[in-house]
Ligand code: NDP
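First, one chain by itself in structure tokens, the form predicted alone.
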């Protein structure tokens, strides 16, 4: 049986994609076969599809670091035919065919059963971005930041991680400050729960090693000078969760926020997080994420639309989450 897939190929240094018909014999090794219903487009997907960052390690390959669908066949204990499952990261879109196809075969170790009340579409409206946002919230909680401690800053606020982070934090009672380069998205961010919206330019340029203490904690998906400035303006015994690198991989900071203000910098890894952490994150998402707010963040495209979405991601014009209906 054949099925539709978006496949990335490489010629020289150039990466290109096309939607083709694949055969089940082209699927990779695994003990679970999934009829994929939805995937999504994250920043890492944009890097993979465009050939930037060396995300894809072998060609040809089906990109897509996320997928959600229904189990068609399984020899993995605890996962049965008919189960609704989600996969985030692991080797998808790097060394293993990912979610931009109507079928996937992969290890049951990579799968989480989708918790009630989420549908497969909801699971991809969350995707790696939303799952990363939840991991970041857990890191703030682990650091002892209750809502009474003060404001929580979210950088890259109108992106996928930022949008879900704002919805989660506001629902948990935190006062959220949203940093964005698109102030015209202020109404959108406030609808998600942001109490205040600030211009990202106030954080994105080089500055001093310490500034006025402004927020109790932060979720940063930007890195570079932005993260350095976030740390410099975090309150005593604050916590900052670092989960992205949109501005850059460098961190032009000093040790002063750490040794003078006892700041904690918590790194967030969504790719190889152990299954116990994934299960906790998805359980908390099911409990704490407002589905109405999630719907406000979400748009839906087909496989053929992915390259255009990637271009808009790099142009900084994508808001929230983009779900891919692989059957459209």
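Treat the numbers as computed from the prediction; the structure is a model and nothing was measured. Numbering follows the first chain given and starts at 1.
Missing here is the form predicted in complex with the ligand; even so, the following discussion is about that form.
**Q** Decide yes or no: are 159, 181 and 268 jointly within 4.5 Å of the ligand in the predicted bound form, with each residue judged by its heavy atoms?
**A** Judged in the predicted bound form, 159, 181 and 268 all sit within 4.5 Å of the ligand.
**Q** Can you check whether residue 243 is within 4.5 Å of the ligand in the predicted bound form, heavy atom basis?
**A** Residue 243: yes, in contact with the ligand in the predicted bound form.
**Q** Although the partner isn't part of this model, could you tell me whether residue 222 comes within 4.5 Å of the ligand in the predicted bound form, counting any heavy atom of the residue?
**A** Heavy-atom contact with the ligand at 4.5 Å: present for residue 222.
**Q** Residue 297 versus the ligand, in the predicted bound form: is there a non-hydrogen atom within 4.5 Å?
**A** Because no heavy atom of residue 297 falls inside 4.5 Å of the ligand in the predicted bound form, the answer is no.
**Q** Heavy atoms within 4.5 Å of the ligand in the predicted bound form: does residue 313 have any?
**A** Yes.
**Q** From the candidate stretches 233-241, 71-79, 109-117, 181-189, select the single one in contact with the ligand in the predicted bound form, where contact means a heavy atom within 4.5 Å.
**A** It is 181-189 that comes within 4.5 Å of the partner.
**Q** If the cut-off is 4.5 angstroms on heavy atoms, which of these, 87, 124, 129, 104, is the one near the ligand in the predicted bound form?
**A** By the 4.5 Å criterion, the partner-contacting residue is 129.
**Q** Can you tell me which bits of 45-64 touch the ligand in the predicted bound form, meaning any heavy atom within 4.5 Å?
**A** Stretch hits: zero.
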